[in-house]
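Single chain ahead, written as C-alpha cells, the form predicted on its own.
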C-alpha cells in the first residue's frame, strides 16, 4: 500500500509505518548519544506511551537507562485500506528496537481509565517485573468514563472568567484568524477536571501501592503546562488550567503517600510543542508557530525527546537523590525554563502583535510547524520513499 498524508484541520487520518519507525529510531539515537543516565530507572510503567511525551519517556527510560518497560495506550491497528494510527506504528517500532537490545517491552492496548486495564497492567508487572521503580502518567484524552460510576465526562476548552477573543491560525486556509470562545459553565469545568485532572493518576498509584508493585524509592511523574501571558485566559486560567491545577494538587497528595516507601511524586511543567493535542487548541497553535521560530533562532528549540531527556538527565536522575530534585516554589519540576526566558517571551510577544496572514510564514514558522506536525504521523522523514509500497498491517501480539 502506498501511504500519503491525508489531513483535515488538526487531524491526519493516515500514518506511515516506515516513517514512524524512522522517527522512533531518530529519538533513540538522540538518547543513546548522551550515554547512560546514572541512577536512572530500571523498570518503568508509562501510561499513555504511544505518542508525544509518553513515547519519548519510554524511549529515554529504555535507551537512556536500559529499563524494562510496560506501555499502556489506546490505538487502532490497520483495517482494510485504513492504516493503523501513528501510535500503533510508534509502539511497534519501539518494541522491535527494545527487544533487539535485549530489553523487556510489553504493551497493552485499551482504555487506561478503566479498572480492567489497571488490573491487566498489575498482573503483567507482578508476573514479569515484580515491581516498577518509575511510573510516568502521560494520558491525553478528550473524554473519560469513570470506572466506578460509569459516567462519561468530556473535556472542554473554554475560559472560566468571561468570553475570550484573540488570534489563532487556520491551517486549512493558511490564515491568521480571530477566534472567540464563550465562558464555560460550571459543569464544563467539572467535566474537564474529571478528564484531565489528577483523579485517574491517583487511582493508578493507589492501586500500585496497595498491591506492593512500586519498589522502594520509586518515583512517579505527570506532565503539565503553564505557558505565557498570551495564552493564560484560555489555557491556564481556563477549563484546562483548572484541570492542571487539580493535577498539581494531586501530585502533593501522592508525594505524601509515596513517602511511605521512600518515593516521590512530581509534576513536570514542559514546554509548548507540536503535538496532536496542542494542534487542536485555538491560539496555542499560533503561539507555537512563533515560539518555534524564536527558539530555533536562539538554538534552544526542543521537541519531546529533548525535553524528556533533559528531565531525566538534569532533573530527576543522573545520580541525584530524590530529595534533591530541583523544583519551583510550589514543588513543580520546570523544563519549560527555556521557553519562558524573558528574551524569548519578549520576542514572541512582538511577533504576536504584528503577525498577519500576509506575513505569517516569513514572520513565523508555519512551514516548520506543518513539517513537525506531519512527522508525528511518519511523513517527511529523510530516507523514506513515500512512493513505495509498504506493509501497513503490523501485528503486535501482546497488545
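Treat the numbers as computed from the prediction; the structure is a model and nothing was measured. Positions refer to the first chain, counted from 1.
From this point on, the text means the form predicted together with a small molecule, which you will not see here.
Only one of 74-82, 183-191, 165-173, 208-216 lies within 4.5 Å of the small molecule in the model of the complex by heavy atoms, and it is 74-82.
By the 4.5 Å heavy atom rule, the three marked residues 48, 52 and 111 all count as contacting the small molecule in the model of the complex. Think of it this way: in the model of the complex, the small molecule has a heavy atom of just one of 243, 230, 125, 273 within 4.5 Å, and the residue is 273. Checked against the small molecule in the model of the complex, the residues 317, 153, 92, 235 give one hit for a heavy atom within 4.5 Å, which is 235. A residue is said to contact a partner when one of its heavy atoms sits within 4.5 Å of a partner heavy atom; residue 131 fails this definition for the small molecule in the model of the complex, lying far away. Using a 4.5 angstroms limit between non-hydrogen atoms, residue 107 is distant from the small molecule in the model of the complex. Although the partner is absent here, residue 140 is a contact residue: one of its heavy atoms lies within 4.5 angstroms of the small molecule in the model of the complex. Residue contact with the small molecule in the model of the complex: residue 224 places a heavy atom within 4.5 Å of it.
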